[in-house]
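There is one chain below, alone, in structure tokens, taken in the form predicted alone.
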């Protein structure tokens, strides 16, 4: 089970970080970043499976694939931005974390515009 690997990596990383953080902060940041990247690579196959299932459901239901791709992009941006925010917070770079979070939100709004426009067009077409 992947969750056991992920939790083990996290616990080992926390133990190592507690030993190194005071005297070797640069090393601690590298260890934290490495653990984050390792965990991310462990879950990539699961993300691929989720995308495949969602595309299959969309094909069967007749939903336009552009909407599914857009939603998947939005979810991807949210997760990547959150990862960047957490890594920045771990490095005590709150200022950078806030900028990453703001950029993620703006990109999500930009990506969602075609869906919002389609929704408004549908509502307008229903109204008399």
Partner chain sequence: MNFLDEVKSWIIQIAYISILAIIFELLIPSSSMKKYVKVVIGLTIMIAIINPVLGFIKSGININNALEKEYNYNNVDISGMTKQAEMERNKLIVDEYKKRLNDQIKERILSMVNASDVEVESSIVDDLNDKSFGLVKEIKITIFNDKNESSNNSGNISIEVSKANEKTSEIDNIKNDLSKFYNVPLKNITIEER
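Positions refer to the first chain, counted from 1. As the structure is a computational prediction, the values presented were derived from the model and not from experiment.
Although not depicted, the form predicted in complex with the partner chain is the subject of the following passage.
Exactly one of the stretches 70 to 78, 24 to 32, 37 to 45, 87 to 95 approaches the partner chain in the predicted bound form with heavy atoms within 4.5 Å, and it is 70 to 78.
Residue contact check for residue 122: one or more of its heavy atoms lie within 4.5 Å of the partner chain in the predicted bound form. By the criterion of a heavy atom within 4.5 Å, residue 116 is counted among the residues contacting the partner chain in the predicted bound form. Under a 4.5 angstroms non-hydrogen atom cutoff, the partner chain in the predicted bound form has residue 126 among its neighbouring residues. Shown alone here, residue 108 lies within 4.5 Å of the partner chain in the predicted bound form, counting heavy atoms only. Annotation for 80 to 107: interface residues with the partner chain in the predicted bound form are 81, 82, 101, 104, 105 [heavy atom within 4.5 Å].
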